[in-house]
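Just one chain is shown here, as C-alpha cells, and it is the form predicted alone.
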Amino acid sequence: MCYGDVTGVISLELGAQAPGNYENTPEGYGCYGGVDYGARFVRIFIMDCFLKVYGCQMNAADSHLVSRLLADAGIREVSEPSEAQAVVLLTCSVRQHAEDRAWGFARTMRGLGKKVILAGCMGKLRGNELVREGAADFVLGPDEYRRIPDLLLGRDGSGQGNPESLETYGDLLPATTNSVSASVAVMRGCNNFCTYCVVPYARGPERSIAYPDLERQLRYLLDQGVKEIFLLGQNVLAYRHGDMKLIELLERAARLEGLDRLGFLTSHPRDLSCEMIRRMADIPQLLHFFHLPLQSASDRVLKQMRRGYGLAEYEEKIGWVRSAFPDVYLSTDLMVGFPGESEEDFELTLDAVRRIGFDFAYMFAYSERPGTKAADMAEKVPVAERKRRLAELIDRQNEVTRRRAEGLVGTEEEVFVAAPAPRGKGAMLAELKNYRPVILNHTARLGQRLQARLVGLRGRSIIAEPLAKEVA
C-alpha cells in the first residue's frame, strides 16, 4: 500500500502510461511510481509532501534536487504543511538556534500526524537522538537524499543508510524553476576543520563535481529561462576536478549561451590569490561581489579558530579585490564571543568593520557545537557578554552599511530585475552589477535589465526609479 490518503483519482485507458509503479491493493491499484498495463482503469494514490529548508545557500540548492527526486517519484510537493501527509526538513547545525527551530517544527508536525523526515546536517550529527526523542520518523544525512522518496512511500523500511557514502548528486538535474536566478553546487564538503564549525563532520571531505555534469545542470537551468547563476561550495575557491580549478570553471561557464550574470559562494580568504582575481576581472558576466568571511580581526582569535590567515593578509586581499573591482559589493561573516576572546580582541573587530567598510555582514554570537575543538576550550565568554558584543557589532555594521548605501544615492546604475518585492505593491527586487540589492519602484519583467536612478533609502535599502532606456 502507498502511504497517504487518496487525494486524486485518474482514469487511464488500457495500455496508457502514467508516472508510477503500481501494486495491487484492496481498492484496486496504489501508485508509487512506474507504468501499469494491467487494467483499463487505475486509481492513483497521490502523496502530498511539504519541503522546508533551514540554513545556508547549499541547503537551498539541495532543496531543488530533493524536489526533483520527489517529482520523479510521483510525489506532489505542496506549499503549506497543512496540506501534506509528509514533511521533509533540510536542516542546519551550524548554530543552536537553527537546530532548535527545526526540532520544534518537526515535533509539531509529528504531533499533527505527519510523517517526518529530518534530513541534512542535523540528521547526520544528531540522528539517533532525534529518533529516540520522537522528533522524526527517519533521519538522513546530506548524502542520503536519494532515499527520501522510498522512505515516504514505504519502500525502504530500514531507516538506515550508508554512513560512509559521499554523494555529489552530479547526475541530478534540479527541479524546474520559475526564477531568473539559481544556484548550483559545484563541490561538497570541507577540509578546513575550523575549530568552531561542524560542516566537515556533517558534510564530509571536499569533493568536486566534474565539469560535464555541471555544464549539463547549467544548460538545463539556462533553458528554463535562468539568467543569473551562483556556483556554490562550502569553500568554493578550493574547487578542483582534474586540472580544472574554480577560475577555469568560471571562464567556461561564462561562455554558455544565455548566461547574463555569474557569481560564486562561499570563499575562504586563505585560498584567494591575486592571479585568480586578475583573471576574474576579465569575465564580463562575473558579478562584482565577494563574500569573504573574516570572523574576527584579532590574529590571536583567528589562530584559535584555525582560520589560516591574519588580519594583515586579509586586508591585503581586500585591496586586491577593490583594485580589480572598484565598485565591489563586499560582504563577510563576523563572530563575537569565541572562547578566550577578550574585550581588546572584540575592539579590533569593531575597528576593522569601520576601516574595511563591508557593505553587509552576517553577524553571530559564538554557539558551542558538540564535537568541535572550540567546544572543549576552557575560557568561555559568558552568554550575556556574547549578546552584548553582538548588539554593539550590529550597530557598528549598520552604520557602515547605511553610509556606503548613502554614497550611491543620486547615481545612475544598471539594475537586474530579480523578483517581486515582498512588500510594496508593484515594486520589484533588483540588483546592481555588483549584486547589491535595491528596490525598484516599478513593475518590470523578471530578468529585465534597466537603467535606473538611485533616489534614496528606505531604512538601509536603496530605492531605485527606472529611466526610459532598457539595457536588454
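Residues carry their position along the shown sequence, with the first being 1. Note that the structure is predicted; figures quoted are calculated from it, not measured.
There is also a form predicted together with a small molecule; it is not shown, and the following applies to it.
Note on contacts: among Thr168, Gln304, Gln234, Gln397, the single residue with a heavy atom within 4.5 Å of the small molecule in the predicted complex is Gln234. When the small molecule is considered in the predicted complex, only one residue from Val321, Cys197, Val184, Ala253 comes within 4.5 Å through any heavy atom, namely Cys197. Annotated contact segment (heavy atom within 4.5 Å of the small molecule in the predicted complex): 292 to 300, selected among 132 to 140, 397 to 405, 292 to 300, 310 to 318. Contact check for Asp333: a heavy atom falls within 4.5 Å of the small molecule in the predicted complex.
Put simply, Phe364 is close to the small molecule in the predicted complex: some heavy atom of it is within 4.5 Å.
The small molecule is not shown here, and in the predicted complex it never comes within 4.5 Å of any heavy atom of His288. In the predicted complex, none of the heavy atoms of Ala352 sits within 4.5 Å of a heavy atom of the small molecule. Not one of His64, Thr177 and Leu259 is positioned with any heavy atom within 4.5 Å of the small molecule in the predicted complex.
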